[in-house]
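Okay, here we've got a single chain as structure tokens, the form predicted alone, with questions on binding and movement later.
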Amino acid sequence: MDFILLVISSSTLLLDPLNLTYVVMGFVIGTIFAAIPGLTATLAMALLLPVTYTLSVETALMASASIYMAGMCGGSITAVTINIPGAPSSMMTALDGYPMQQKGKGALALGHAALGSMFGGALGALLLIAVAPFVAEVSLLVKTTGKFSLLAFAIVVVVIAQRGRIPQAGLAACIGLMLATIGLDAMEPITRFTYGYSNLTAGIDLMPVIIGTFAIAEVLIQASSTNDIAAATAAAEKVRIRRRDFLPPLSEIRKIGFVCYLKSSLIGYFVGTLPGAGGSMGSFLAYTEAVRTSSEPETFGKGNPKGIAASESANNAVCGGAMVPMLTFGIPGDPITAIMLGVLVINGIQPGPQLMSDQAGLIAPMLATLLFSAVVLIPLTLYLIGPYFIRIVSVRKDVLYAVITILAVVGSYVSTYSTFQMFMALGMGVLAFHLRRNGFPVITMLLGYILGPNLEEFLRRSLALSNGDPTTFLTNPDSLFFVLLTLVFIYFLVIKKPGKKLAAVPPN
């Protein structure tokens, strides 16, 4: 209760003109990046990271939260209008949104997407505010062996969540773990894998890895793409949307039903708490459940607003769920929270069980912003500039990606004032580019890099405390719980053959 009151009181920071400006700018930027096919809110967050050095911790986290929420709802814009999801989490939205657009109901489809985003985002934020302190207290019961098993569970979940390309995901995770071992040893004052190169003594900095993996790699992907979106752009420019057309009638909202919004949001929130699952899996599961329980399943994929509501409620609820493991265990739930973890670390905040009690005052404004973005900024932004969203796809891609490249390279240098780290960002970008071109999910590489140091430290400490006895991971109750949980996930997601619908989960 004290934490909830703290979040309520910290919401007054949104009245500060500077904070509100960054929150609104972050939301608009996140929406634009999520709406442009090929760009994502993850890229927007990666570019924001260097700017956080000049901001207070509270302002940086508040801006990050607004970008996060905007990134989830913004992808629905091009998914509805030109059938090109701006974000992976909006793939299911396109199934019914674009058919509505073809029927001349594109504005109404965007209205349903905004309503679902608002409901799911608000419920996810409320659950985060209510549940996170409790989870933090429970996490105090997890000892050293349990922490290792938890991190190992997280990496396994990240890998097996990439159905259809588990071997590639596993290899990418191993690459990330290998990169994490470069530099000083975690427990002894010796260097490893530097090959006598002094610039590698401190290892590879987090900033170049993030910027290279997302920003540089995305530019290379787009530069090598041969897809012609001119036809899609021309079709988009023909659409004329009036503001009053965005408001869904009460009759359609009642037909969708409160239960659909609630159930889809809860599914998204739960999926978000699973490291690496992401918004695409949450929206797919919610959409599948909406089809399963509908009296008219044959109408889905042909312009049923319930499909849009289920998808958008789920992927926005993921925002609140994904922050739970990130704040309480330092385990990112998806790529964006992985970058938000970088914002915390850069500002000297160490996520973990003590965070909610020791530094709750720094975290509370971020959670208040997450709720504010869902309830206020989503409907407000859509109503004010909704008719102009369609013009985003007309931006010249050569100019756009040239600017992104410059910002990424300069940001890599400014973050460390190291020319070596700047070139390291370029190298990571080339590596991530080739991994993505060959079907390797780079999110598993990034999470392997982030979790690698703690994974090694807890492994070695556990073995040291048990005199090298590996059975300590099975004799300690907290560790055994996560070992069994890992086996359960492996059984249901890998060994047991999933149904056809579940097997079609779009990759995140």
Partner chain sequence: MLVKRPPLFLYVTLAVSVGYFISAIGLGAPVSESGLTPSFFPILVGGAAIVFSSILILQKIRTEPKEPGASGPRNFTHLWVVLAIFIYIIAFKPAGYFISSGIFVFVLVVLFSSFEKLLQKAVISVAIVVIAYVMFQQLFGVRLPTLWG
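Residue numbers count along the first chain shown, from 1. Not measured: the values here are computed from a predicted model.
In what follows, reference is made to the form predicted in complex with the partner chain, a form of this protein that is not presented.
Contact with the partner chain in the predicted bound form, judged as any non-hydrogen atom within 4.5 angstroms, is confined among 175-183, 343-351, 311-319, 258-266 to 175-183. In the predicted bound form, F482 stays away from the partner chain, with no heavy atom inside 4.5 Å. For R192, a non-hydrogen atom is located within 4.5 Å of the partner chain in the predicted bound form, even though that partner is not displayed.
At the 4.5 Å threshold, heavy atoms of V271 stay clear of the partner chain in the predicted bound form, well away from it. For the chain shown alone, G411 is a contact residue for the partner chain in the predicted bound form, at least one non-hydrogen atom being within 4.5 angstroms. Highlighted residues G170, V219 and R437: every one comes within 4.5 Å of the partner chain in the predicted bound form, counting any heavy atom. Though the partner chain is absent from this view, in the predicted bound form it lies within 4.5 Å of a heavy atom of just one residue from M422, M100, A368, V156, which is M422. Taking V403, L384, V375, L141 one by one, only a single residue has any non-hydrogen atom within 4.5 Å of the partner chain in the predicted bound form, and it is V403.
Contacts between 453-482 and the partner chain, taken as any heavy atom within 4.5 Å in the predicted bound form, involve L455, E456, L459, R460, L463.
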